Ligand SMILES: Nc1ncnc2c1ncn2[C@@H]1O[C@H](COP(=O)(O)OP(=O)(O)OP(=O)(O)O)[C@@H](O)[C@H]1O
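This document opens with one chain alone, in structure tokens, the form predicted alone.
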């Protein structure tokens, strides 16, 4: 490994209402693969976003090739040779592979794209990085998830590259594609490129990285040679056996012995594998896991958002031969859903408060002979807005005028009017302030106190431990463990999140 320090960060700090990074000191040498690991919310993405110019640090400084490095945006970081590939891909699906690879530098003549030259350049790049089997003229949408991930990485390598940041790059890759990626990375090492490799797969980190840095709660708690620390020691550092969960209120359970929901052998392609668990009336069941573990896929499968699945679901004693194939069937059987992206699919920003609250029950409760009963709508909405604690001026104001926390209360509240017995919550407090978060916890408690149930996905383990009766853990599409409130320990839950399979070969040998 070369000893030239390619990049360094000195006392980087960043806050978003709360501290997410605190005095981070980090260096990357030329020709090094530096692993970055930590639990959800540890600060990995924020740190890399600062390097990539997507976020600006509150304090601290960075250097690149011995010179001060202060990118104010993504364009400046790309021009400096810093390329980042996110876990969530940025490819444009209706464009071809070639068009995606050279989107910002398409070969043109007199303003006309030179298609033949574009395909030639794309083919040369794909061949150079070991992807000759991909047709540069095919649409990105026609490729599998793994091939799309490799094309995204190829797109980063088509530009000047001094530092390559990879965020969970193997999450969509099969074993052959993973091996191919590792071979690329070894070639990039030989070229003197510095690589930051974010992964929760400890076996991969042991194989491909030279050094490992561990983040915990926004602090860098360890940096050292990969061969000097074992996977179990990494987990101990991530989990921190002395870590204490922050609890703001005493927990009261409303869990009853009666069954509310049973999921048995649920399978969704290669995203979920034979998931089985039960949910009781009045219970709040938390779902923990790392990014890409299958948490959102689990809720979507239960709610009928995905159709290619197998298994069985039992709701309040009614046995189903197979899971719900459409969301409206799940809703008819007493399930409600708050998606992770509320603005995209949880609420309707251009409708008013009343319309958002009543839209899920408009036909059954607020219309007669096809005519909307507006007075009843307003009356019920007014009572519900008071119960939800929404800050507003008038029911007729558009939802986009409310804060994110109040929007989330509306998204939650619309299910209180329906006959919903089980709510599926996907990251329900993401992006809302502390006061709104506590208000939502109160609403959840009221909901289960009426004998109803909640399944809640959250990246914040403290949140799950504060609000839930039990927690199930997913890792790589499998349910690895179930924890009860009376006996759970945060470090054991975190370790269960990192459960994975083993890779056997060293790709650089």
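On a predicted model such as this, the values are computed, not experimentally measured, just so you know. Residue numbers count along the first chain shown, from 1.
Keep in mind that the form predicted in complex with the named molecule is missing from the display, and what follows is about it.
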Quiz item: Thinking of 129, 132 and 226 as the candidate spot, does the named molecule come within 4.5 Å of a heavy atom on all of them in the model of the complex?
Solution: no
Quiz item: Any idea which of 285-293, 374-382, 186-194, 203-211 reaches within 4.5 Å of the named molecule in the model of the complex, heavy atoms considered?
Solution: 285-293
Quiz item: Which of 237, 333, 147, 355 has a heavy atom within 4.5 Å of the named molecule in the model of the complex?
Solution: 147
Quiz item: Which residue among 39, 33, 455, 473 has a heavy atom within 4.5 angstroms of the named molecule in the model of the complex?
Solution: 39
Quiz item: Taking heavy atoms only, is residue 406 within 4.5 angstroms of the named molecule in the model of the complex?
Solution: yes
Quiz item: Can you check whether residue 219 is within 4.5 Å of the named molecule in the model of the complex, heavy atom basis?
Solution: no
Quiz item: Can residue 402 be called a contact residue for the named molecule in the model of the complex at 4.5 Å between heavy atoms?
Solution: yes
Quiz item: Quick one: does residue 20 come within 4.5 Å of the named molecule in the model of the complex, counting heavy atoms only?
Solution: yes
Self-check item: in the model of the complex, shift in Cα separation for residue 150 relative to residue 299, 3 Å or more
Solution: closer
Quiz item: Do residue 459 and residue 170 have their C-alpha atoms closer or farther apart in the model of the complex than here, with the shift being 3 angstroms or more?
Solution: closer
